[in-house]
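Given next, in C-alpha cells, is a single chain: the form predicted alone.
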C-alpha cells in the first residue's frame, strides 16, 4: 500500500492518493467529515481554520460507496488564499524558509511554505479516516488524547475505560480527558496568545486489540517501530516519538513485560514495550507518545535577516496558530492507522476485503506449536 499527498497550501485543493487498498470495503463518508472537523478544531487554532470547510470528494477508487481495488483519490478543497501577496525575503526562525531557499534558490520565501505547510495533513486525515474505519471492522480501535501543552501536563488516569476516555476527550476544547488539566491548558494558551507566543506539547495515540505478528524483521525498515518513526516524524512540528513506557531508567526486571496464562490465553502483566517487540506487534495495545515543538510563526517576531539586502530585520508574522497539539493528535491517529492498516494488508492480502476479514478471524483462533524434524 502506498500513499501520495500532493497540492499546495493555498492552491485549489489538497489531494491524497492511496494505492493498494483492497476491494469491497464500504466507506462511511460522515466519519471522514467528523475526523476532518476534529482536525480543524482544537483550542489555539488560527484564523485559517475558521475559513476552511474541508469539503471533500472521493474522485476515484470507489463505486457506489465500496472500494474497487483501484487507487483511491481524495480531494479536499482549499478556501483560504495566501495572505502575503508581495515577495517575501525575510525568513522565520524555525520554519523551512531559509533552508528551502538555500536548497532551491527561488527568490520568494512564500514558495516553500506551500509545500511545507501543515495544510497537507487535511488530505492525510481524509485518507487516514478511511483506514481507521477499516481497522475498526477488524475490532481494532485507534484513539488519541493530549498529554501536555506548554508547561501543563496531565496526570494519566489508568482506571478510565476507552469509551469514558474518548467521551471526556471529546468534551474538552484541547482534547485532554481531564477537566481540571484541560481548563489549565486553555488558560496557558490564552496567556501565550497575549504574549504573541506559541506552545508545543505532547499527545498519545493508542491502538487497542491489535493482533500479534504484524510487521517484520527480515528488512530492518519493515519493522513496525521503524515505520511508526518514519510516518510520525513526517507530521509537521513533531520532534520526538516514543513507543511504550518512557522511563528507561528502571532495570530490565521492572521494564520488560512478563507472560502469564489467563483462561488458556497468553497475556502480559504490563505493557512497557508499547505493544511492539523486535519490530512486531505482540498482541498488547500499541502505545505511541509524540512530542511537538512550538509553531515557528510568532505574534511577537524573532530576529531575522532580509536575504535580498542582507540587513537585519524582524521576522514577519504570517497567519498562524498558537498551538496545534490538539489537532495534531487527530493527525497522529491517522498516522498510526496508516502504519497498522499497511501491516494488516501486507500480512493478510490486498485484493479483497472479505478475504482479509476471514483471515484475521482465523488468526484469532491462535497458533499451535509445531514440531519440525530439524536436521
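It should be emphasised that the depicted structure is a prediction, and the values quoted were computed from it without experimental measurement. Numbering follows the first chain given and starts at 1.
Here the subject shifts to the form predicted together with a further copy of the same chain, a form of this protein not shown in this document.
The stretch from 160 to 168, 173 to 181, 280 to 288, 129 to 137 that comes within 4.5 Å of a further copy of the same chain in the predicted complex, counting heavy atoms only, is 280 to 288.
Contact check for residue 144: no non-hydrogen atom falls within 4.5 Å of a further copy of the same chain in the predicted complex. A residue is said to contact a partner when one of its heavy atoms sits within 4.5 Å of a partner heavy atom; residue 55 fails this definition for a further copy of the same chain in the predicted complex, lying far away. Interface residue remark: residue 62 is counted as part of the site for a further copy of the same chain in the predicted complex, having a heavy atom within 4.5 Å. Proximity of residue 269 to a further copy of the same chain in the predicted complex: non-hydrogen atoms within 4.5 Å are present. Contacts between 23 to 42 and a further copy of the same chain, taken as any heavy atom within 4.5 Å in the predicted complex, involve 23, 24, 26.
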